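First structure 1, then structure 2: two forms of the same chain, each alone, as structure tokens.
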Structure 1
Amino acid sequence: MAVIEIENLTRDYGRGRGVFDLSFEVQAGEAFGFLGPNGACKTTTIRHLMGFIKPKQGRVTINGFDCWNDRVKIQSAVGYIPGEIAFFHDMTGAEYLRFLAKYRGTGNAKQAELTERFELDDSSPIKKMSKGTKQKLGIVAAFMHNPNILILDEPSSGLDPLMQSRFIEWIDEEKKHGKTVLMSSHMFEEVERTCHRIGIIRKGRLVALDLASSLQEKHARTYTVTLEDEASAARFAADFDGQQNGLQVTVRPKQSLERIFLDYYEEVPRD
């Protein structure tokens, strides 16, 4: 069953900017990666999903509800991390989370767990927080009411590598709980590690839509290496993140999705 459906969404901002005839769906329990460079209008698409802007053409629905007309019905099930985090600067992190729980009326069942997990120091005023801390606060704010649908706009930007992998672990667990995830990113690794299916958007148009694994197969090269003994094969596999099979280890270049991504961008002539 499709939880998120975008049908022929068009929003023209002029001079080639905007979203054009965009269609895709995200199934229940699926993690969908929405990949594109800055200015590809990923955020515009997400704003439609959140009911911030009204589609000029086409239809955007979540759980069968129209994202513009029925946005209030959708919002209680949605956790959202905005691409650009801007909270009430006059509050501390803890005050903000307390306010949000009361304001939404949806509780904060997971707040303590998330705060601990992402090592968020919520005692300082938001205006004095670093970008990374603000991002952590955004993560806690988005997930503390345990929503079923996660709409994440470049969720791990500003996080250090340790926190990024902690975030990916969290998303993996959420997927196991049957949550539906739509994650936009310009970071290939993030999407590659978390998402089952990937849509690549370029200048507001979808240029590729496929399973992450088949994108890999179609575009990425793999190398099979034979080593002298099993012990070194195991070490090699561990060091290069490869698949060991006896003396043989199959490895794949780390930036593979990035290459796929660039393929899609380079095969279209510049205009």
Structure 2
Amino acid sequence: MAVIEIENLTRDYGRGRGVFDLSFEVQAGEAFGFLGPNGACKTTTIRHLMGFIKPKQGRVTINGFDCWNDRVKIQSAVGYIPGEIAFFHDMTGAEYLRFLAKYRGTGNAKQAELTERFELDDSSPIKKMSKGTKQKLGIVAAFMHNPNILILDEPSSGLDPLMQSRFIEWIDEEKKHGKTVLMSSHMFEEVERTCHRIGIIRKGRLVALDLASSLQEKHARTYTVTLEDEASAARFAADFDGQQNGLQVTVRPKQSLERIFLDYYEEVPRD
């Protein structure tokens, strides 16, 4: 069952900028990685999902609700981390979280757990917080009402490596609870570790949509290495899961998500 549906979404800003005839779905319980360079209109797509922008053409729904007409209901129910989080900077973190819980009317069942896990000091005024602390506040704000649908735009931007790892662990736990996740990120490892299906957008158009494993297989390269003797070739084949033929070993290493992305975006010649 599709939870998130985008059908023929088009919004043309002129000069080749915008999204064009964009269609994809995210199924219930699926973690979907949405990749593209700056300017590819990933955030524009996500803002349509959150009901911040009205589609010019096409249809955008979450759980069957129109993302524009039912935007208040969607914004209250979805866990959303924007690429640039807007805060009330005169509030403390705790005041902001209390305000958000009251605004949503959905409670804050996970607030204490998340605050502890991400080591958030919510007593400080937001205007005095570092970028990393503001990002942690945004994460707590997005997840504290225990939403079933997570829409994440560069969710770990500004976090240190320890907190990035904790964030990935948290997403893995949410997946095990059946949450539906759409994640846009420039951190390929983050997407690779959490998402099993990938969409790649280039200049506002979808250029790839497949399982991560299928994309890795499709873009894998084959290399043949010649060793000086058969014993060395045998060891090399064993170490790199290769196929030995005398002095030669053929290997097909797993392709990284970053390399796949560059193949689509830069149109790097295949070896």
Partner chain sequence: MINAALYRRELKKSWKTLLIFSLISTLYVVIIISMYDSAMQDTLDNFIHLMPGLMEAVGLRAGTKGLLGYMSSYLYGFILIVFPMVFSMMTANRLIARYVEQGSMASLVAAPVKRSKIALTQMFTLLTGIIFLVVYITLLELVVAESNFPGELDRGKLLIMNGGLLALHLFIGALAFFFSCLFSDTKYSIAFGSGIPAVMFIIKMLANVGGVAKNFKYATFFSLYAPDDLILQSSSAWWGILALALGSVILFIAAVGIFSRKDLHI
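Quantities reported herein were computed from a predicted structural model and do not represent experimental measurements. Counting starts at 1 and follows the sequence of structure 1. Under this definition, the rigid core comprises the largest set of C-alpha atoms superposing within 1.5 Å between the forms.
Matching each structure to its source, the form predicted on its own turns out to be structure 2. Relative to the superposed core, residue 110 undergoes a Cα shift smaller than 2 Å between structures 1 and 2. Once both forms are fitted on their core, a CA shift of 2 Å or more is seen for residue 246 between structures 1 and 2.
For residue 134, a C-alpha deviation below 2 angstroms is recorded between structures 1 and 2 after rigid-core alignment. Core-aligned Cα shift between structures 1 and 2 at residue 228: this is 17.0 Å.
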